[in-house]
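Next up is one chain by itself, shown in structure tokens, the form predicted on its own.
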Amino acid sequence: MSGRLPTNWFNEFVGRIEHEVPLAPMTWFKLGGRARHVYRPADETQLARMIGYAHDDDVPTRVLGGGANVLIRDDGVDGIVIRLDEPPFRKIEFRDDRVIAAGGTDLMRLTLECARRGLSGLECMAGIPGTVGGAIRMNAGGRFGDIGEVVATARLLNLEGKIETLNAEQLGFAYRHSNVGQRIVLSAELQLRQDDPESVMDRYNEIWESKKSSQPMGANSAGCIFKNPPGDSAGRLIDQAGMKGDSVGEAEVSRDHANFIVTRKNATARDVIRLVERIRQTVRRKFDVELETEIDIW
């Protein structure tokens, strides 16, 4: 791909596209190289036009949400990285026990606001960073529940620039999986339950404190590195393999939770990737279990 966008694209989206943009500050790991192009659409219509052009010209596109579940390689990303951080992509509407949340909505902000309003069902996501779109794409969650449990419908933008609406069954939620694929989550309708606000806030705080006491919340990390294998826990296996505190370069297996990798100053994405592979090989050798990564590696 050339170093610049095709002229017709540049003319139409001037002011919305930056070139050679550092991506590390946009991620929780604070690692990785530059994006060839970063595009911030003003609204859904403009986004759809760009996606259609990119599809027609075979230009790769990726959406970077909260950067909480992604590791960007040191040599960066070709193509177009899309940031849905303008107000239309962060809008929230409350309709009795239903919530319409745009794909770029901050998940922790939404979770807390629902709890304060006595809307129950989303408090299981307390302490989980990212955006609504990213959470739905991977069916984010943990031992307290997954976001897919409350998603009624989602509006998706496909690679041809067309909008589709899928219901919960069509979205095919499973453990850290949905049928969203390469489509972009524009918005989702969440079905929650009216409850006593104090009770919902108590549950929210209980879940938040549980995560805070068992996970390296203040460190640079990207959440759980590996999916749990069927009937077991990736963190338990890594811990039992004696890998807490193991490190490669400036990346280290968290001493608080073995399924987290934390990074120190001067760490590189390569350090993390090498440590991920070391963990995988060690667990395979000791337990004959193949760990699958939960994070996206770009």
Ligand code: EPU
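Since the model is a prediction, treat every value here as computed from it, not as a measurement. Don't overthink the numbering: it's just position in the shown sequence, from 1.
Just so it is clear, the following notes concern the form predicted together with this ligand, a form of the same protein that is not shown.
The stretch among 78-86, 114-122, 224-232, 153-161 whose residues place heavy atoms within 4.5 Å of this ligand in the model of the complex is 224-232. Contact check for E294: a non-hydrogen atom falls within 4.5 Å of this ligand in the model of the complex. For T263, no non-hydrogen atom is located within 4.5 Å of this ligand in the model of the complex, even though that partner is not displayed.
Heavy atoms of T27 never reach within 4.5 Å of this ligand in the model of the complex, leaving it off the interface. Proximity of H257 to this ligand in the model of the complex: non-hydrogen atoms within 4.5 Å are present. Though this ligand is absent from this view, in the model of the complex it lies within 4.5 Å of a heavy atom of just one residue from R73, K91, R176, R98, which is R176. Note on contacts: among R49, R34, R236, R62, the single residue with a heavy atom within 4.5 Å of this ligand in the model of the complex is R236.
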